[in-house]
Each structure stands twice: as structure tokens, then as C-alpha cells.
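Shown next are two forms of a single protein chain, provided one at a time as C-alpha cells under the names structure 1 and structure 2.
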Structure 1
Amino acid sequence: MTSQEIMNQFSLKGKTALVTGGCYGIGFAIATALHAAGARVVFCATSEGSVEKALKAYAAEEMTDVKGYVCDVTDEASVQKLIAQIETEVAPLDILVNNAGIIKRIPMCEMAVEDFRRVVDVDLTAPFIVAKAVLPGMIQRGHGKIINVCSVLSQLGRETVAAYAAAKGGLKLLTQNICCEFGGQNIQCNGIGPGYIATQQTAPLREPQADGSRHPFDQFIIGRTPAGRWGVTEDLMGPAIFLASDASNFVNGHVLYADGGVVAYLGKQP
């Protein structure tokens, strides 16, 4: 292969990508990265307000061709309608990023089963619903990339996040299973496992204390991360481009941790 051919493997020119929950945070960064690599990008969020705000944010970054749709990804009928609409109005989907997610930090014995079910619904059942909606088209066209946004909590636990860890652990295995079931049809399904990333979702864990000192969880994460810092959403851009592109055509069923080393680390010795 020539140098040009090797670098072209990372290009997403001519591809169309859907990023669920791509209105801010990690989803916005991943959508921006895929766009920069040449993809046509669409996203969905839960309300008209979220979509409009995000479209302004994309336009401010000179991405005026990004399209946004309202869709609750836990609602199968709405998702089926969304995929049909995107494939008619924009183009058939080559790339799906299952990014939309929520967390509820509640000690397990105090957690209502409704809260547990809602987290599993958004973080695990919804990726199944959206993948199920895009897969027939991908199979028909003979290629497809599905990226599931997992977590270091896909393989680690901690207090108060039973539902989230169960859902993200399940998402890791859903990722492997999609690989097993559709790998023979040239579909690659991989996960990105972010570490602790500074976004709205983790803001309560980083709030300074009343006396101006760092939040104890903030200090805990810095000590637990070999890189010695929180991640930023830009840390997920390279992994997303790689997993969406032809450069990863023989990578399947894998979770790529972009976590500053958290899952490799036992913690600082005393």
C-alpha cells in the first residue's frame, strides 16, 4: 500500500453517521470528529430545544450541514421511524454511534426498581433497539460500523452505580454479540470505553467544596488514573475515527478504553 492509501483508510469521505445523543458532551465531540474525517453527520436528542441548541453549536464550529432529529432512543417505534427518515432525507447509514446514556447514582438498597429499569432501558436496551433498526440496511449494503459507548464501568464496579455498571457491562457483551452475529456480513461492532471525562454527566463529581477545595471524588479519580487527570471529550475523537473507518476493518467485538489507564491500574501503592 502507498502512504496515501494507508492514510486514506482513516477517511470517512462519502460515509453517513448517526450519533445518538450527539447534542453536547461526548456525543458532540464524536460527531465533530467524524465530520472532520469527512462523514456526513446526523444526531438525535430528546427534545426540539436540545436539537436547536446543538445545531447552533455545530454551526458555530462551521458544521452547518449537520442534521438533528428528535427521538427518544428507548422508543422502538420512534427509532424505526427515525432511521427510515434519515435514510430517505439524508443517506443510508454507514456508521452508528450509540452514545446516548444516563446515570443515576443511588445506593443499591435505596434504588427503586423503576430507576434501575430506566437506566438499563437507555444505556442497554436502546443500543439494541437502534442497532436492530440499522442492521438490515447495513447487511443489504454489505458493510457497517457500530460503535457502542461503553465505560470503564463495563468491567469495574463501585458504590451507587449498580444499574449503570450492569447496563454498561451488558453493552460490552451486546457489542461482542453483534460482532459474532454479523461479522460475516462485513459489519464491525466495537465499543469505546471512556474513563472519567469532564462533561455534564460527571459535573456533580467535580464540584469544588464550600471551602474551595477539590471534591473528594475528583481527588479520588486523579489518584486512580495513571494519566493523573480527568479526560476531556477531545480524548475520544481519535478512537471514534479509528473505529468508524476502514482502518479498523479487522477489529471487531473489542472495547477500546480511552481512560488514561484506569482499567489497567490497581491504584497507588501506600
Structure 2
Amino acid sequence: MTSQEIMNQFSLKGKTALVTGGCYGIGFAIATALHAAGARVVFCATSEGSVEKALKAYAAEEMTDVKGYVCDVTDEASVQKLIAQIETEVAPLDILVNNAGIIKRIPMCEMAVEDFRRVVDVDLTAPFIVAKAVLPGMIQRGHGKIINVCSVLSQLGRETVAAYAAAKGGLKLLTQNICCEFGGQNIQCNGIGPGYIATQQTAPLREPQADGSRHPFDQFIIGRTPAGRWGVTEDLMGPAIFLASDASNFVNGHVLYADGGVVAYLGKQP
């Protein structure tokens, strides 16, 4: 295989990708990466305001051809309508990135059942719904890539995140099951397991204290990560391109932890 043929394996030219929750943070970074690799990119969000704000952000990155749609990914009828609309207005989907998710940091004994169910609904049931909607078309066309945004908490536990960890652990197994059920139809389903990523949402956890010291949670993450730093959204771009491209055609049912080594690390001896 020539060097050009090897590089072509990573090209997404001619492919169409849907990124759920692709408005900001990790979803925005993944969508940007797929677009840079040549894919047509569409995304969805829960409100028209979020879609419009994201489209301006994409335009600022000279990505004026990105399309956004409003959709509640926990509602199967809405998702089925979304997929039909994308395939009519844009193109059949080759790549799905199940990125939309929420977290509620509440001690388990204080957490309402309704809150637990909501997290599971968004973080686990929704990926099932969207994957179920795109799979028939992928099967018919004989190829497809599904990337589920999992987490280091697909593998590990921590205080106050019982619902999130349960959902992301379930998403890891859903990823493996989609591989088992549809691998024979040339469909690869893999996960990306981000570690702790520096985004607007985590910014308060990284702000220096009044005395100039690190925030306690910031200290915890730095000490727990062999790389010695928080991740940045750019750290997820390469893994996303790899898992969306032909370069990963024999990789299936795998969660690629982009975590700076957290999952591998027991921690420093006191």
C-alpha cells in the first residue's frame, strides 16, 4: 500500500455524518474534525436557539455548509423524522456520532428517581433510539460507522455520578452489542471514552482559589491523570476521524479511551 493509499484511508470525502448535540464542546470539536476530513456534517440540538448559535460558531470556523436540526433524541418519533429529513435534504448517513448527553452530580441517596431516569434516558436510551433509526439504511447500503461518546466513567466509578456512570457503562455494552449484531453487515460501532476535558462546562472546576492554589477538583484530576493535565477537545479529533474512516474497518466493539491514561492508572502511592 502506498503512502497516499494509507492517507486516503483516513479521508471522509463523500461521507455524511450526524453528530447529536454538536453545538459546543466535545460534539462541536468532533463535528469540526469530521468536516476537516471531508465529511458533510449535520448536527442536532434540542432548541432552535441552540442550533442558530452553533451555526454561527461553525460559520466563524468557515464551515458554512454545516446543517443543524432541532430534535429531542429521547423521542423516537422525532428521531425517525430527523433521519428521514436529513436523508432527503442532505444525503444518506454514513456516520453517526451519539454525543448528546447530560450529567447530574448528586449523591445517590439524595438523587430523585426522576433525575436518575432522565440521565439514563439522554445518555443511554437516546443513543439506542438514534442508532436504531440509522441502522436500516446502513444495512441496506452495506456500510456504516457508529461512534458512541462514552466516558472514563464507562469503566470507573466516582462519588455523586451514579446515574451518569450507570448510563455510560450501559453505553459501552450497547456499543459492543451493536458490533455483535451488525458487524456482519460491515457496520462498525465503537466508542470514544474521553477523560476529563477542559470545556466551558468544567471551567469553574479549574479556576484558581482565592489564595492562588488549584481548585481541589483540579488537583484531583491532575494527580489522577498520568499525562498531568486536563484533556482539550482537540485531543478527541484524531480518534473521531480514525473511528469514522476506513482506517478502522476491522476495529469493532472497542472503546478508545482518550483520557491521558486515567483508566490505566491506579494512582500515586501516598
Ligand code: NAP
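Take the two forms, find the largest set of C-alpha atoms that superpose within 1.5 Å, and that set is the rigid core. What you are looking at is a predicted structure, and each value in this text was computed from that prediction instead of being measured. All residue numbers here follow the sequence of structure 1, with the first residue given the number 1.
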Legend entry - Panel number for the form predicted on its own: 2
Legend entry - Did Gln140 shift 2 Å or more between structures 1 and 2, C-alpha, core superposed: no
Legend entry - Yes/no, Gln200 Cα shift of 2 Å or more between structures 1 and 2 with rigid core fixed: yes
